[in-house]
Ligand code: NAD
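Just one chain follows, in the form predicted on its own, and it is written as structure tokens.
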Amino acid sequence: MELKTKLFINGKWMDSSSKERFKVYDPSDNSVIAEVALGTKNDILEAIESAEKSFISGVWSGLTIFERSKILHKVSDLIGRYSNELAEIESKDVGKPIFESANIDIPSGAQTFEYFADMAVDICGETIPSPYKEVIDYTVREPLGVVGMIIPWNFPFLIACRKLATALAAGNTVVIKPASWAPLSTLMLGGIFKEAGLPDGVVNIVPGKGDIVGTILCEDPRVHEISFTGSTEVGHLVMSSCAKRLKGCGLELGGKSPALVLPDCNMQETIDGILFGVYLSQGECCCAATRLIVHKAVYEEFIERFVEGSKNIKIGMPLDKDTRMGPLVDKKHLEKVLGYIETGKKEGGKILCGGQRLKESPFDKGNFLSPTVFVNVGSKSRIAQEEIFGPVAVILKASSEEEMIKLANDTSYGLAASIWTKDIKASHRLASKIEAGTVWINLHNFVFPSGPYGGYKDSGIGRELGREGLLSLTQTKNVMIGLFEPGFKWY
């Protein structure tokens, strides 16, 4: 599968109107792996025009649901066919282990298209009871129009698939801005759509600077909805910009997800599950388990076993199949995470393992950071409150269920949480009190196409995935039919 580095507009690959390009780096050694066309104001306006014309023409929205479903199934099949190439591109671009790309990200992207290809046939209205027997009242679900999408760099392929599959199943057209740090796998989707037979102009992909491409997507009146995944800070700006046009926006933002460890948990299952929850994708995960709230009865045992597990994580090059944790995505992000570690030390936190950049060969040229575990941290400290977005866990001690809930909710975020217990009653009791969009019981970091995903509080607005996410990208029209006998008058 050929690497794509140009803009994808109206079914064609093209250079930037300015001819400018930007470099994409391999985070394992900071070498240049590609130079990608840098979209300009003119380019994003052309992409929006292409998407609008495509929508108005009905080349996609005018197809039957079954015709759209057939093409989306082809997209899923093609992702499976090119899975090896896509996984390698994703790992080189982002730094995540090929084990994750090949077994989680790419297959999940294919499953998402497959799921929404089937769900497309389930977009339907309902018959509404009327106070008059002479009036039939019903609703229909219609697509919104042009949907603008802004993709993050941590799961660029998978999140692009989630947003695209949902919007396309609903009959919308799309303009998508890939992440500047990791645009390559999103660009590859353009070729897949072309091969699958998606009509030209239905999906347009324009890499570019956020303050240009992203801002225009949010402000242009021809774009009817924005779907954004990223930081809470930028999410506030996106929502403010959309508000000026009364434009809808779905925001999946930051997180500081707690994992509550109860005394009766299966300790080995808990350690294994939380290690996955903390360190998946180097901790560069919105719903990562970054605040471990452990009951005092098992606090010492948990710390000992969790630190041992953290030390045993295989750090390596992204394309090594044995690697379980690769480099952070970019040098600037590495410095940001290291800054948080220094802040944690100054706040009185004690590091039990990790906390250092790996400087020995073969890691010396890359952005590698050892798994880091903090204890003796105050619940109001920055590292316990703010999203670090790296392989850093903070362990807090609690003496009761009530204290665990208080600590779990003591943050501005509310994306996800997990509860580790054998007690089914306790799991439901605690889940009902946690302020989060997703609560896992005895697992963490599992997201399925069929389940709605999104956050409470500063973690976002709206839901992606599932029936709820699909219907959020439609609008409802109420239709009434009068069956009054001839001669009916109101005057």
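The first residue of the shown sequence is 1; numbering continues from there. Note that the structure is predicted; figures quoted are calculated from it, not measured.
Unshown form predicted in complex with this ligand; subsequent notes refer to it.
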Item to check | this ligand in the predicted bound form reached by all of 154, 255 and 453, non-hydrogen atom within 4.5 Å | outcome: yes
Item to check | Exercise: residue 250 in contact with this ligand in the predicted bound form, heavy atom 4.5 Å | outcome: no
Item to check | residue 237, heavy atom within 4.5 angstroms of this ligand in the predicted bound form | outcome: yes
Next on the checklist: Taking this ligand as it sits in the predicted bound form, is residue 178 near enough to touch it, meaning that at least one heavy atom pair lies within 4.5 angstroms?
Outcome noted: yes
Checklist entry - Can you check whether residue 210 is within 4.5 Å of this ligand in the predicted bound form, heavy atom basis? => result yes
Next on the checklist: Among the candidate stretches 369-377, 265-273, 214-222, 348-356, which one is within 4.5 Å of this ligand in the predicted bound form when only heavy atoms are counted?
Outcome noted: 214-222
Checklist entry - Which residue, 302, 363, 99, 389, has a heavy atom that falls within 4.5 Å of this ligand in the predicted bound form? => result 389
Checklist entry - Since exactly one of 381, 139, 231, 412 fits, which has a heavy atom within 4.5 Å of this ligand in the predicted bound form? => result 231
